[in-house]
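Take a look at this one chain, the form predicted on its own, written out in C-alpha cells.
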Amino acid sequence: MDGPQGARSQGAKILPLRRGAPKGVAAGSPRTRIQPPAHAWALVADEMVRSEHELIALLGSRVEQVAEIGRYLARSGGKRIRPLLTVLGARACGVGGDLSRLMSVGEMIHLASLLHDDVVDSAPTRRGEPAAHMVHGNALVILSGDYCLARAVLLAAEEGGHECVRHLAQAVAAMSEGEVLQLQRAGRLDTSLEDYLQIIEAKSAALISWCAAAGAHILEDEHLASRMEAFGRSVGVAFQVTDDVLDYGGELAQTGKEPGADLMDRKLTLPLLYAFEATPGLQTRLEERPPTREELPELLEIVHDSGALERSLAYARDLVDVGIDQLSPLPDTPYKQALIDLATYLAERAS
C-alpha cells in the first residue's frame, strides 16, 4: 500500500495528496507536547458556560428516566470540542447574537451516538464509569438516544434555519451509514485505507464538519459553508486518526488508559494498516486468531517499532494543514486563529 503523506477532502472522499516533508516525529525530530489551546477556550469562555447550562436543560424531559440518562452521560464529561468548533466557526464567519443553544446541537447528537454505540458494542464502561445501558438497560438507553437526536434536530431548525437543519440531517444519516459500515467490516483485516477513511469520515468527521460550518449555513453562504465543511471534515478525520494512535499508548499517549484495546479486538485502524505494510507476517498472524493478553505487549512493541504511529500522526498533521487551507477566505480575526490552533491541537494531543 502506498501510504499517502496527506489527504484532501473532496465531497465524500479523502484523496491522496503529496505535501512537503513530514514534520515532528516523522522527520526524526523530538516530539513537542502541544497543550490544549487555552486562549481558544478563553475567547468564548462565557459562551461555553452558557452552552453547558443549555445542554443540561435541553436534556430534560417530562419522563424522568429519559432526563436522567441524558444527565448521566453529560455529567461524565467530555472535551466539548463540538460546541467549541460551532461557536468559533460561526464567529469567524461573522455570525453575531447568542449561539449557546446552537452550540448544544452537535453535543446532543454526539451524546445520542454514544448511547447507541455503547449498546451496539456492549461496552461496559464509558469515560471510566459504567455505561448508561449497564445502569438503565438497553431499551431505555436506545429510546433516550432517539429523544436526544430529535431534540437536537428541532433545536437546529429553531436556531439555525432550513439550511442548518438540512445539513445536520445529512450528517446524521452519514453517521448512521458509517456505523453500519463499521459493523459490516468488524474483524476484517483486509480492509483497505479507502474503506477505513470512508468509515471514519462518515462516523466521526461528518458531525464535526457540520459544527464547523453551522454559522455559514445560518448565513446561507454556500461557498463559505463548503469551505467550512471541508475544514471540519479534514479536522474530524485527523481527530479520529490521532485517537487511533493513542489507543497504542507508549510515549505518544498520556491517556492513563490501558493501551491496545483496538489490537485485542483486531480493529483495523491506520496504525495497524501501516504496521501490516512494514511488518511481513503480522497480518497473517492476526488473521489466524485474536491475540491473547500475554501476547499484547509484544504486538504493541511490533507496531511501535514499525514506525506506524509516527506515519499515522504525519497523516493527521497533513490533513489538518489541508483543512486550514480552507479557511483562507475568512478575515484574520482571533476566532480564525483559534480555529487554526484548535485544529492543530486535535492532531497533536496526548489524550
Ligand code: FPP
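All residue numbers refer to positions in the sequence shown, first residue = 1. Bear in mind the structure is a predicted one, so any value in this text is a computation, not a measurement.
Beyond what is shown, the protein has a form predicted together with ligand FPP; the following relates to that form.
Out of the listed residues Val172, Ala278, Val95, Leu246, Val172 is the one that sits within 4.5 Å of ligand FPP in the model of the complex by at least one heavy atom. The partner is absent here, but in the model of the complex a heavy atom of Asp118, alone among Asp118, Glu107, Glu229, Glu201, sits within 4.5 Å of ligand FPP. Taking the partner from elsewhere, every residue among Ser113, Arg126 and Glu179 has a non-hydrogen atom within 4.5 angstroms of ligand FPP in the model of the complex.
Looking at 218-226, 201-209, 159-167, 186-194, the stretch with residues near ligand FPP in the model of the complex, meaning non-hydrogen atoms within 4.5 angstroms, turns out to be 201-209. Contact check for Leu140: no non-hydrogen atom falls within 4.5 Å of ligand FPP in the model of the complex.
Proximity of Lys267 to ligand FPP in the model of the complex: non-hydrogen atoms within 4.5 Å are present. Looking at Ile81, you'd find every heavy atom of it more than 4.5 angstroms from ligand FPP in the model of the complex. Among residues of the shown chain, Ala74 is not one whose heavy atoms approach ligand FPP to within 4.5 Å in the model of the complex.
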